[in-house]
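Encoded as structure tokens, the following chain is the form predicted on its own, with no partner shown.
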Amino acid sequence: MTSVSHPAASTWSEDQPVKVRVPWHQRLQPANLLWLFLAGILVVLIVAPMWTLVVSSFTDAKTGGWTLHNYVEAYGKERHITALTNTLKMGAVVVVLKLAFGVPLAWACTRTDMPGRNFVRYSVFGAFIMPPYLAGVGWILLAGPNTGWINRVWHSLSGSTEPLVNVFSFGGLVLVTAIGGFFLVFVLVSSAFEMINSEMEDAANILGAGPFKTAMKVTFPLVMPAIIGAALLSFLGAIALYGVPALISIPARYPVVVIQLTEFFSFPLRIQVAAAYSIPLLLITAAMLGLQKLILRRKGYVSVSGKGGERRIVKLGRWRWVLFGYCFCVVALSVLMPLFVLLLAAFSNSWTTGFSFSNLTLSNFHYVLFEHSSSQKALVGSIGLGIVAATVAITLALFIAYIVQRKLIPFSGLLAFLAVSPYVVPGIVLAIGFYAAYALPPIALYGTYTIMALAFITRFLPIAFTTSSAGVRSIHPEMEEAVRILGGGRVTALRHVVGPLLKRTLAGGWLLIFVPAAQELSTAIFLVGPTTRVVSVVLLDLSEEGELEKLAALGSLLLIIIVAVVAIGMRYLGRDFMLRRS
């Protein structure tokens, strides 16, 4: 009997793999369920609050029906419009000041032979560690119109009764806001300067250009994308900052959006109107992103090629000391001066008396540690929230980055977009979205640390994802395949291969989240309850009570704790851990 084989069957069995249709229930392996669970968390953290914010802005508070009345009430009064225009004006001026502070310092520390570069770097990190509202308190002690130390010296020297400087003004507001956030410009632009080789600068020098003309014509244009990105983030940070406007804009009679939003949260609560009032901030954010793309389109900013290249510092000659003088002025305004008066006030019976040995005391620290009703709880709450937010955000971001980089589920790029999207959402808008979504029944998380932790995790998730994604991308998948060949799954590979290899990267990201989370105010101010206290909110309470010495003591304790954590991290990661991850 002769057997005859079918030619088509032979072709399928030898040349092409047979596609086996796997039933849906067999795909529900534990690892796949874990990936879907994490994707669901991302949707809950980001999509739900933003969606609820938009829906609330069109919802009638009494009937639950659709309405535009919230927008009419939000923008129907002149002072509400004035607050919005004032905010935009303040944000624009703050951006100019931040660039004027941050870009020259970044260039001086990375591309020149300026003396004291390490001193300037550490001082800028000091600006990162010091919360903006503490810098604001320091400048109130320095430049208050009646009792500020600068004006008292001016009065004694000139005999004038008029103040030399007044922090309670538009100029004081933008200056204090700018010095509290220019470190972001420094970090982003420094990283761009570090990538530039000297070939084009050498060409400019050969053609007769001096150091500053070369910098203006060649070096700075090459880092323009980083400068524009830093300007965008600086503007968004300035218009959503709460602490400094709460301290300065109210006495200065300069209304801004964040202060107006707090009025909507006072009795009677108008969450729908607050949502409508905050929507333009989201539209402004989208417009700024579009403007950034419009400016940078069709232009070449390539500074790193496969040819490599040497990166030499610029010799400034006698101008090196002039540049150092400018950098010293910036770090003095941003860190040295406010920190000095803050510490002096913390150890003084009365900060208006000035320095004298008879005025020194430790009673302010004893009060905030053992007598004040909420200071201890606030310290524990702030540090605890910082630890929880940093740990959960880094862990969640590592899993999400692994999903995205290894393309484990369809539309993984959408997860990456969601993970970084909170970076362009102002913190105060995010807080209102969380309040609308989770504070009220049936979930009713208002007044708990849980809602604050969720908001902090969401707010700083982009930092964690950017750090984790860069780390996962640097690891070749063949190492994980070895684990799978030996019988381990993806979770095992993640725990025993990817995680240990990225521990220094993840530790750096954890530190970058812990510091701002422990200081966070713009998000906390709308979510804090009677029994959930954080240091930033308690400091504002002490400021309203006029207890500036005790405020300085509590703020100093928070700074000491944060500095200790950062010092441990820098010893483990090196001083430039921020630059490598920006």
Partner chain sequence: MKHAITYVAGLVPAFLLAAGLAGAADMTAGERQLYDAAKKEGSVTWYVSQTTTEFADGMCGLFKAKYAGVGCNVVRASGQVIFQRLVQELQAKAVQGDLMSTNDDGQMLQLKEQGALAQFAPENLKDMVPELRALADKDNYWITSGVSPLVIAYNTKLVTEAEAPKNWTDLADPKWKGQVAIGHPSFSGSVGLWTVLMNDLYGWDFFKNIEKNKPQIGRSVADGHNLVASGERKVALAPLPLILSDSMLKKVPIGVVYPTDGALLPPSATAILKDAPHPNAARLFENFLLGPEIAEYFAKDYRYPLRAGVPLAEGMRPLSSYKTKSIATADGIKKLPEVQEKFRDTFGI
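Positions refer to the first chain, counted from 1. Just so it is clear, the model here is predicted, and its values are computed rather than measured.
Not pictured, yet referred to below: the form predicted together with its partner chain.
Within this chain, Glu478 is remote from the site of its partner chain in the model of the complex, having no heavy atom within 4.5 Å. Interface residue remark: Asp541 is counted as part of the site for its partner chain in the model of the complex, having a heavy atom within 4.5 Å.
Remark: Pro422 does not count among the residues lining its partner chain in the model of the complex, judged by a heavy atom distance of 4.5 Å or less. At the 4.5 Å threshold, heavy atoms of Trp510 stay clear of its partner chain in the model of the complex, well away from it. For the candidate set Arg312, Lys407, Lys77, Lys503, a heavy atom within 4.5 Å of its partner chain in the model of the complex is found for exactly one residue, namely Lys77. Of the residues Val528, Ile46, Leu38, Val515, just one reaches its partner chain in the model of the complex with a heavy atom at 4.5 Å or closer; this is Val528. Note on the interface: of 182-190, 434-442, 467-475, 89-97, the segment with non-hydrogen atoms within 4.5 angstroms of its partner chain in the model of the complex is 434-442.
If you take 238-256 and check each residue for a heavy atom within 4.5 Å of its partner chain in the model of the complex, you get Ala246, Leu247, Ser249, Ile250, Pro251, Arg253, Tyr254, Pro255, in sequence order.
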